[in-house]
Each structure stands twice: as C-alpha cells, then as structure tokens.
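One chain follows as structure tokens, the form predicted alone.
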C-alpha cells in the first residue's frame, strides 16, 4: 500500500513537471516587452545613468533594494549572533 502510494505520487509529480515543461515559453522571449523597451528608452534620460540595470536597481526600485539589503543584513547578523563563540569562565 505504501509503495503504491509513493509510486502514484512520483507519477503525479512527474506528470506535473512534464506539463510545466511543455507550457514553458521559449528562452529569451518575455511575455511583455513593452516595459523593457520603455526602460531601455527612458532610463538614461530620467535616471541620468548609462547602465540601465543600475538605474532600475537604484533609481526605479530603490526602496525595494533598500528593503532587500536590510533583510539580508538582519539575516547575516542573526546567523553571526547564533554562531558566535562564547568564552567559558572558570
């Protein structure tokens, strides 16, 4: 019974992966190109940056990037606090 349930779950997951693979778009063809073209056209004029990626990360999505950096800093600080060495007195 347990083996047949495992085999059924494996077949279901395999069918799910195959269906997902068939429904994928070809690589390099995003569904909406309008936003990409707009950023490429207007990034240098609005953000005064020669690099479009830099203007998107720091100008258009600045608060989002600040939030991501804060979460990353908090996670690293938490890991360092957990893994720090404590001096044993005595």
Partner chain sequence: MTTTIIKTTTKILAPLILIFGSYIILHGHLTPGGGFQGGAVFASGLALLIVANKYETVKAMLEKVPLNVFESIGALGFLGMACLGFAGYTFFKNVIANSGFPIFGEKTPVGINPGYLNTGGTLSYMNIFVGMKVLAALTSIVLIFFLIMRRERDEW
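Residue numbers count along the first chain shown, from 1. Basically, rigid core = biggest C-alpha set you can superpose within 1.5 Å across the two forms. These figures come from a predicted structure and were not determined experimentally.
One more form of this protein should be noted, the form predicted together with the partner chain, which is absent from this view; the next part is about it.
Using a 4.5 angstroms threshold between heavy atoms, residue 9 stays clear of the partner chain in the predicted bound form. Interface membership of residue 38, defined by any non-hydrogen atom within 4.5 Å of the partner chain in the predicted bound form, is ruled out.
The partner chain is not shown here, but in the predicted bound form it comes within 4.5 Å of a heavy atom of residue 73.
Contact annotation: residue 83 falls within 4.5 Å of the partner chain in the predicted bound form, judged by heavy atom distances. Annotation for 53 to 75: interface residues with the partner chain in the predicted bound form are 54, 55, 58, 59, 62, 63, 65, 66, 68, 69, 72, 73 [heavy atom within 4.5 Å]. In this overlay on the rigid core, residue 52 has a C-alpha that sits 2 Å or more away from its partner position between the shown form and the other one.
Comparing the forms between the shown form and the other one, the C-alpha position of residue 14 differs by less than 2 angstroms, with the core used for superposition.
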